[in-house]
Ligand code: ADP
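Single chain ahead, written as structure tokens, the form predicted on its own.
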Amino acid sequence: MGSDKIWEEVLKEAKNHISEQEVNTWLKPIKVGELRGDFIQLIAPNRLYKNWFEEKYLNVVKKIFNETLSIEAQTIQVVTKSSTKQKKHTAQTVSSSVTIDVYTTNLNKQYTFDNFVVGNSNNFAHAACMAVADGYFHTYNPLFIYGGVGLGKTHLMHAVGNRLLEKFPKLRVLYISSENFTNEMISALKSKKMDEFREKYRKVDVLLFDDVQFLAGKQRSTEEFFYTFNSLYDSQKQIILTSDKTPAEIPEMEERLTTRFAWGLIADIQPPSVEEKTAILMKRAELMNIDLNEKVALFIAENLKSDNVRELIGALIRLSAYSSFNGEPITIELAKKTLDRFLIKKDKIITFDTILKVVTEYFNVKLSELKSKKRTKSIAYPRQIAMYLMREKLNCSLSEIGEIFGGRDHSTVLHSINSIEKKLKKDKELQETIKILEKSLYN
């Protein structure tokens, strides 16, 4: 029986001991390298598979060889494809046979899963990151996380890297922002060290690439990243990307890259709810030994202008510092005084121009386009939302709103408003959008 047939029998029997998904994910990519006496060599695609196989499945496979297939397997050596080209050492069972050079991960050790607050706004992205950190590399590759600034994308990415290194200290994990990637590439071009640059990125086991949208429009950086992505993906290395938009919505990004970004799993992070922001404040206060009661945390969560988690923590630090410097306990009154310019001004007068400004900035459209006759979705949708807000916040007549938007008749305006009201009942993303816009009106 050939080695391929033998491994097929191992896979078939393994399904009686572990789940079929685990067999397909972790055992199927393994190949038999050598069968020599009581020595068996197995070849894993890369270090991720090697380390995970040795930790989780080596004993199961050894038992199948010995008991089910009656193939004596005193020693099973697991190597990677790259190491098979090197001179073979004396056969022995090893927990890890690959030597990793000292390198910089760029990981922030403070970003962990333990201090990440999970809620409805981020639970899907969190679950996907946990799965990758637990070893489901092949299943979610690439993992693409998108959402607004300061919502926790970078935190989750670092948490994956930190968790993986806890489990597999010899993995090559590298975090890099698109800006630093571009800067390093420019430096390598100037110093004629592109081979070293490419080797650095293409030999990692896990690449954590932050703010990939900033590669758009940078032809040379995009091209270099395209080939790096292909090299890692073809070698079954894990790639995690973050962006402020979905792959299809990144302007000026090459289609050959956006299609690759969508090969794996796309997970979003929405702005946190008031309850989630309160929980974030309480959790961070606990970690920082800040005496914060829930009523004050709730007040900040409800009234802070921004949904950005970083700004939320910044407000907490500012409040704590003021309390410490002046010897005052943290109360709602102190929060009002200390954070005044960061809080929503609920007595602010809202006008047509206020709504138009907020909507055009949020959707990145021109005011002239909003008032034009264009009916493309990218223009019509923001226009409908602006009409809805004018009706809700200013109680304007349909004809008044129609005049603002180039003399549209009242039936067109009514249809737009009704369309938004209908979608609001079921569309959670639209609900969050309206909430953000309403808050921005008072900034």
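Given the structure is predicted, the values throughout are model-derived calculations rather than measurements. The numbering used is simple: start at 1 and walk along the sequence shown. The term rigid core refers to the most C-alpha atoms you can superpose between the two forms while keeping them within 1.5 Å.
Below, we turn to the form predicted in complex with this ligand, even though it does not appear here.
Contact label in the predicted bound form: R310 to this ligand, heavy atom within 4.5 Å:
Close contact exists here: in the predicted bound form, R310 approaches this ligand to within 4.5 Å, heavy atoms only.
If we define contact as a non-hydrogen atom of the residue within 4.5 angstroms of the partner, is L151 a contact of this ligand in the predicted bound form?
Looking in the predicted bound form, residue contacts with this ligand include L151, since a heavy atom lies within 4.5 Å.
According to a 4.5 angstroms non-hydrogen atom cut-off, is N122 in contact with this ligand in the predicted bound form?
Contact check for N122: yes, within 4.5 Å of this ligand in the predicted bound form.
Even though the partner isn't displayed, in the predicted bound form is I280 close enough to this ligand, meaning a heavy atom within 4.5 Å?
I280: contacts this ligand in the predicted bound form.
Within 4.5 Å, heavy atoms only, one stretch in 227-235, 326-334, 154-162, 182-190 touches this ligand in the predicted bound form. Which?
Only one stretch qualifies here: 154-162.
Go through K218, R202, R284, R172 and name the one with a heavy atom inside 4.5 Å of this ligand in the predicted bound form.
By the 4.5 Å criterion, the partner-contacting residue is R284.
Can you pick out, from A73, V117, L370, V79, the residue that has a heavy atom within 4.5 Å of this ligand in the predicted bound form?
Looking at A73, V117, L370, V79 one by one, just V117 meets the 4.5 Å heavy-atom criterion.
C-alpha of E421 moved at least 2 Å between the shown form and the other one on rigid core:
No, the C-alpha position differs by under 2 Å between the shown form and the other one.
Since the Cα separation of R163 and A14 moves by 3 Å or more in the predicted bound form, tell me which way: closer or farther than here.
Note: Cα gap between R163 and A14 shrinks in the predicted bound form.
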